[in-house]
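Have a look below at one chain only, the form predicted alone, in structure tokens format.
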Amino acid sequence: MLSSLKKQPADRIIGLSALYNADPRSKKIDLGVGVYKDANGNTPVMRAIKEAEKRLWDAETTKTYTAMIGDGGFHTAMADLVLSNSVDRDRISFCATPGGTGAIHHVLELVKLTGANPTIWFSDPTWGNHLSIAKHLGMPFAKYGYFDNYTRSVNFEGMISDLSNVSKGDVVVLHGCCHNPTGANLNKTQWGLIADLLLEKEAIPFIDIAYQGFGEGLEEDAFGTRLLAGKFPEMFIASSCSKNFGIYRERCGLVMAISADPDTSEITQGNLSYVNRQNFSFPPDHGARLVTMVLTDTELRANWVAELEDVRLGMLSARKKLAEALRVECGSDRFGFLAEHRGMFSRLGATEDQVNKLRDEYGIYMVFDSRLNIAGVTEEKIETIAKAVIAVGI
């Protein structure tokens, strides 16, 4: 049986980490895998999470299962964080999942259970695993224009043009903030126009929000998600706690499905529970428990918000300094987009050959499509990166 299996394509981003780790050069620079790192190259445990773990250690008396869909306190805390009061709570169904990836997978499984077989629309480009999951589930998908590789900004005209072709019931995946891999984001006016178009087309938005707090701030980064939640009868949200709470290995994610009315929501809730049961029964709880403690305790929440803001401002500073260093090296403002983008990533618009040259000749690692992780751009590396980028002809 196993001999009939076909070799699966390697994940190129994960493979990039292996190349980096095997590189003996002492001054190599990792701008590849999308994990936040501080100035020392570490992914720290956030202060509030560390304190919550101490409190949990003292207070926890059992490791028995929570509910099939996860703990209700986690659902409430995350709905407050992501949606605030934009939609009635009795229209929201929940299920906790292993990470944001699990949440995306579960939403698409839920869509399959409807039997509707809609087209799933993804931005071009998008996070690579979006397409991989849709392919794995055998779901039809299409792409809509999003990024202008020349201006390194949102190609909004192309986006509107392509989304004008969606059909009733199609699912349109939108990045809630801090677009991965480009870092180019919709403004408030553009969010409103997208909402109007999708309402007219009777399409269903699916928000992937993995970086809330990394862009303009916790409230600002939720603008698009809340705007759509307040307008649409049906909507899906996949939320991740990996980045803004720094709990990557705890695999903490959440599905929020908005239905047109409470009765439909109850049925949706039962189906989400079914999906969890078929995949892993009960979801992991440790990360979700910590997030709940942080969000519901005044002291812990204030500590978390302060540290998250330091992280956000640090990445914004790195963006501005790298843009300035590149301006000095090339004598123009053509890299000014770096200071305008938000979140952990930007895409330089380089060719794969140029990316390979950066790696081979300068020991600078970034994803093949020229996505770089801004969190890896520390003060002492900025000049080196800027000189190399110009040297390879980007």
Ligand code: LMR
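So that there is no doubt, residue numbering starts at 1 and follows the sequence shown. Here the structure is a predicted model, which means the values were calculated and not measured.
Beyond the structure shown, there is the form predicted together with this ligand, which is absent from this document and is the topic of what follows.
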- Exactly one of Phe147, Phe206, Trp127, Phe214 has a non-hydrogen atom within 4.5 Å of this ligand in the predicted bound form; which residue is it? Trp127
- Item | Listed residue (Val33, Ala339, Met68, Cys330) with a non-hydrogen atom within 4.5 angstroms of this ligand in the predicted bound form | Val33
- Report whether the minimum heavy atom distance between His105 and this ligand in the predicted bound form is within 4.5 Å. no
- Query: Is the gap between Ile14 and this ligand in the predicted bound form 4.5 Å or less for some heavy atom pair?
  - Reply: yes
- Message: Whether Thr292 contacts this ligand in the predicted bound form should be assessed with a 4.5 Å heavy atom distance threshold; does it?
- Response: no
- So, in the predicted bound form, is Lys243 in contact with this ligand at a 4.5 angstroms heavy atom limit? yes
- Options 60 to 68, 346 to 354, 33 to 41, 330 to 338; stretch whose heavy atom lies within 4.5 Å of this ligand in the predicted bound form: 33 to 41
- Task: Let me know which residues along 357 to 371 have a heavy atom within 4.5 Å of this ligand in the predicted bound form, or say none if there are none.
- Result: Arg371
